[in-house]
Structure formats: C-alpha cells, structure tokens
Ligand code: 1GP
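Before any questions on binding or motion, here is one chain by itself as structure tokens, the form predicted on its own.
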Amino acid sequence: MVAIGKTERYINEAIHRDGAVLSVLIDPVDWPSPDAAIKAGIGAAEAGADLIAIGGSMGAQGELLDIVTKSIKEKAGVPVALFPGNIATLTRYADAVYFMSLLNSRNPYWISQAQTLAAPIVKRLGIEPLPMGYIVVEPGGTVGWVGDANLVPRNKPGIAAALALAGQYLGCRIIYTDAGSASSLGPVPVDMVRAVSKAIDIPDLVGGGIRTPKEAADVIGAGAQWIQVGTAAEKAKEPKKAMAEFVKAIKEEGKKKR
C-alpha cells in the first residue's frame, strides 16, 4: 500500500475541516504565455484555492512545465500537483502527481502501462503519488479522445458508481470523474455525482465543464468533496477574483455538509 504523504494528508484534512476543497488546473499550453499561467496559478492560491494542479492532455511538458511549476510553487503557498497527460508531464518541482488509472479506457496503456513507465521516474524525482481512479464522462473532450475512453453516458449514473467502487476496491484513494475540459454539455450531472459519492468511501473529485460558482456548489451539495476548475479561470477577465468566488461558493456548501 502506498503510504499517505504530505499532500494527500493535507487534502484529507481540508476536506474534514471545510467539507470541500478546490483545485485550480493551470494548463500552460492554454495560456497566452508562461508568465500569464504563472500569474493565474499564484492568484488562484491567493484567492483561497487549496491546491494548484498543472498539466493537461497535450503538450504540457519539458521546459515549459518546469518553469511554470517551479514559479508557481515558489510563491503559491499551497501544494502544487501534476495533472499528467502522459509520462512526460513530470517535473521535480511539483509536490505531487495525480497517479491516475483511466478506469474506462479501451486501451490498456492508459489503465496500467503508462503508470508502469512513469512509476520509476516518480520515485526517482521524489514526487508524491496520489493514487487516483479516473473516469471520463460524456462528452469527454480532449482527454476522452486521447485516452480512448469508453465514455460513461450522462444518463447512466450507475455505471459511474460501479466504476468508482471498482477503483476503490483496486486500491485508489481518490476517484476523479471528469466530463472533459470546457465540456459542451456542462459538468458531470448531479445525479451521477450523488451516485458516485454514495457508492464510495474515499474523496470524490469532480471536474470538467464547471463554469460558475453555483455549478460548483451544486456538485458539492450532491456529495462530492473536491472540485477542480480550469477553463473558468482561463476565460475569466480577472482569474483571481473569479477563483475567490468559487472558493466562497464551495466552502459555504461544504459547511452545510459538516
């Protein structure tokens, strides 16, 4: 069993204390410049985000990943974790990595082979792995295409719940349901969030298509403990202000659950 590390313990304590946590995803490729990505990540942390995730489905690697991760970590004051699109999305400057198995992929590469290739590198770099079962829901976006996912239909919450429970039984300590970046159909449906959260005894992270603080609060109210947003920060005129509104919404909803 992978020992619980500093970042995972921090997340669990935040969930216990606040009932909800927010991570903000910074995909360096999607921002106009590395400086813009760095400023957004630092601003999100200053706004109250619990964790900054860095990465994306395509292109977030190499020197660009190093520069953005190192610069955000130096000033953010919260953990910085990697959201890997493949084995190249690794840098020694991160605190942790979402060590994900794409549970509903048709391709075994995304279930266990990429993880096999990455594991020795993660250990050598001293990055904390966060054992995570990843589930991609319709429409899936880029990650659904890249990961060759057998997308979970939005009107089939029982499938997502069964996948999530299988992930827990396989040893994952976090389940991440994702509708894909900038989902054209909106976030993971609240009835699916509710079904997944009832099925598992580990943190339920939900991302993809969450555009407004109200949508984020609704997802928390349905049972999730963790929200991740990315496009909402990228498209905002004032990312720091926008993220502060998300923090306020999910923390207020989290207090109701406590």
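A residue's number is simply how far along the shown sequence it sits, counting from 1. Fair warning: this is a prediction, and the values are worked out from it, not measured in the lab.
FYI, the form predicted in complex with the named molecule isn't displayed, but the following is about it.
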Contact label in the model of the complex: S181 to the named molecule, heavy atom within 4.5 Å: yes
The named molecule contact in the model of the complex: Q228, any heavy atom under 4.5 Å: yes
4.5 Å heavy atom contact, G209 and the named molecule in the model of the complex: yes
Applying a 4.5 Å heavy atom distance criterion, does W110 contact the named molecule in the model of the complex? no
The stretch from 60-68, 214-222, 192-200, 228-236 that lies within 4.5 Å of the named molecule in the model of the complex, judged by heavy atoms, is 228-236
Three-residue site L25, F83 and Y134 fully in contact with the named molecule in the model of the complex at 4.5 Å by heavy atom: yes
